[in-house]
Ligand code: UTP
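Only one chain is given next, in structure tokens, and it is the form predicted on its own.
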């Protein structure tokens, strides 16, 4: 069973400027609810017991959001507002499950994952990227089922436009297990359109093995002079470790750009 999840939150959110000049993008409301809470709810519904936030000193507001007990207690003492009491109980519920590690230099997702090494207890863990929301269907829960069946690593997948492949990690497919799951033979981080092996893209849900830390320790910098988790995964695949691509069900929403953020609020309001 997958009991731990990690969520990289140290990024600066430059695509959402000027909003993120003072406010972490993960706390921006999407249809009246901070974006990070959708991710937390997905984790908890998938059976995760402990969630590790990777933040930076510049993102301390996230930690304060989940640890602002005195503020809530003083307001509740004065007002006894049922809505505020309900919100505070929800925050306390999340708070008990969250731990924090720091990535103060933006060196990429691979470096962020490596920061969690000492906290990961079991052989596999879940990683979710907060810019990617998947609504109506719990992608993480479905991936846990696939992991149990094949005892392997799993990554979420969807087809993207060929002229957009340079935004994603792109898979080569070895064989199909069924209509929703396939064996990955290779993955390339942000290839040019002419070099992309397909238009099957990695989406921000991963079940990763603990031994990936051994690869990340000596992973060289890649695109953008950053350490990419995709590059470490590629080395693991070449070393015959099984990774499965999962074509998830549900509605994908990209919250990392301004247009995507605005659209996400509209789409979630319709659900």
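Numbering follows the first chain given and starts at 1. In this text, all values refer to a predicted model and were calculated from it rather than measured experimentally.
This protein has a second form, the form predicted together with this ligand, left out of what is shown; the following refers to that one.
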>> If we define contact as a non-hydrogen atom of the residue within 4.5 angstroms of the partner, is residue 157 a contact of this ligand in the model of the complex?
In response: no
>> With the partner left out here, check for me: in the model of the complex, does some heavy atom of residue 107 sit within 4.5 Å of this ligand?
In response: yes
> Heavy atom to heavy atom, is residue 12 within 4.5 Å of this ligand in the model of the complex?
Replying inline: yes
> Closest heavy atom of residue 140 to this ligand in the model of the complex, within 4.5 Å or not?
Replying inline: no
> Residues in which of 63 to 71, 209 to 217, 23 to 31, 236 to 244 have heavy atoms within 4.5 Å of this ligand in the model of the complex?
Replying inline: 23 to 31
> Though this ligand is not shown, can you say which of 184, 170, 126, 112 has a heavy atom within 4.5 Å of it in the model of the complex?
Replying inline: 112
> Going through 113 to 140 from first to last, which residues have a non-hydrogen atom within 4.5 Å of this ligand in the model of the complex?
Replying inline: 129, 130, 131
